[in-house]
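Only one chain comes next, encoded as structure tokens, the form predicted alone.
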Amino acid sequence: MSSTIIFPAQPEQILKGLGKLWTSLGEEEKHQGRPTVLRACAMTLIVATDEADAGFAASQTISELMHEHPARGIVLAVSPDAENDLQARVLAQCWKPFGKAQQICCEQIEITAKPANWQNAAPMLAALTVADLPVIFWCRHQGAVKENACFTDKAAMEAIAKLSTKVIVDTSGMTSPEGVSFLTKWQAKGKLVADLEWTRLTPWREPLAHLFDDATRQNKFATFDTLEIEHTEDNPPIQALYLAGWLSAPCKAKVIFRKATGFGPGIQRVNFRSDEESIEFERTSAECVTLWSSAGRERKYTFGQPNVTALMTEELAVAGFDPAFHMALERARELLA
């Protein structure tokens, strides 16, 4: 990994720095008698963060994501400890596929900004996106997604979102009404939105989808008219609303939420009921969920909480509109109302 500091951060200087970086990498490989590096890019991935580590965790995650989703990664770290209003660093993230001699490299740009000035980064970002490729904006800036966000944070997020084809947020720190309201607002602006709390439901959704995708199953999904979801919070978290929305939307099944104790926070148990059959899907340990049916079937599944890299890898694979998520979000709004 090679890097160059650029100050003041200006688009033409950053692009010039990237050009020099690629020239240096090519000459280094040629000098060592190895194949020229392969430059890979399928999107522009912009990450805005106000975490205390000045963007270190976000940069590490981008470098891991590039193996599955090569991109021009741009980390915009907003920190009161920033030395200058806008400062940039360009670097290349390189790796060798197993058994290959040629390196694959992706570009990464790290920009640091003071809180009062990060909205000024949007015009610069517009000049740094890769032409004719998707622009994904992952907002890790917690201050910008709060209901009481200050004007600067709101304006900065708005400006960057306008550049993007998709906006990814994580509503895990919000109440359900706040999260649903936030996503609804951005949908109303015509923006394609995604939520990592929805992505965290995959360990619940996959076994249930496989269960009802079985062509030999006699009791079809539409016959189940009552759904119960147990969770550990005082009020249903947004994850429980998403799961209830996804399961109840097709046939408008009755939904009941209950508070319960369990193994870790969040959803603990899902129960379907029909006149012919009852199905329970429950966390039976910290690492296991068990599915029971009154028809006499029982099946166990490994359960784990995916890390943020796994969540983003899954979310970036959904290039366009996700009908399942948007159906769940729409139904979640109805359940809240």
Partner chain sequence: MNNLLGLIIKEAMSVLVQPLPEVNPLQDSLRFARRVPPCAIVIFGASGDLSKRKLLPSLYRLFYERRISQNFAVIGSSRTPMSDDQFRERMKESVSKFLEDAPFDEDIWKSFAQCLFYVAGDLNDEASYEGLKKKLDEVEKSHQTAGNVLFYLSTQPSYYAEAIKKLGAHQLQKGNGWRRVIIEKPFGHDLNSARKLNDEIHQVLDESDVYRIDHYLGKETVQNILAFRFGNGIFEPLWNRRYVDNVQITAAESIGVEGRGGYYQEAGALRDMIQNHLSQVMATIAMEPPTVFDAANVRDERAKLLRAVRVVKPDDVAKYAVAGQYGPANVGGQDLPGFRQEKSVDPNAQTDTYAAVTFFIDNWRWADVPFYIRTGKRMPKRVTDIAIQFNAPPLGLFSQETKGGLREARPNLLVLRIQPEEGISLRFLSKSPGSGMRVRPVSMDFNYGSSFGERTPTAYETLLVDAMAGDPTLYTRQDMVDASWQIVQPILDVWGNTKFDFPNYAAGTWGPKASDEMLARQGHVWRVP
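The model shown is predicted, which means the values in this text are computed figures rather than measured ones. Positions refer to the first chain, counted from 1.
The discussion below concerns the form predicted together with its partner chain, not included here.
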Using a 4.5 Å heavy atom cut-off, which of 207-215, 75-83, 149-157, 135-143 contacts its partner chain in the model of the complex? 207-215
Closest heavy atom of Cys288 to its partner chain in the model of the complex, within 4.5 Å or not? no
Please tell me whether any heavy atom belonging to Thr199 falls inside 4.5 Å of a heavy atom of its partner chain, as the geometry stands in the model of the complex. yes
How about Thr302: is it within 4.5 Å of its partner chain in the model of the complex, going by heavy atoms? yes
If we define contact as a non-hydrogen atom of the residue within 4.5 angstroms of the partner, is Val130 a contact of its partner chain in the model of the complex? yes
Of the options Phe257, Phe263, Trp186, Phe221, which one has a non-hydrogen atom that comes within 4.5 Å of its partner chain in the model of the complex? Phe221
Within 4.5 Å of its partner chain in the model of the complex, which residues of 309-327 have a heavy atom? Give them in sequence order, or say none. Glu314, Glu315, Val318, Phe321, Asp322, Pro323, Ala324
At a change of 3 Å or more, would you call the C-alpha separation of Arg217 and Ala253 in the model of the complex closer or farther than in the form supplied? closer
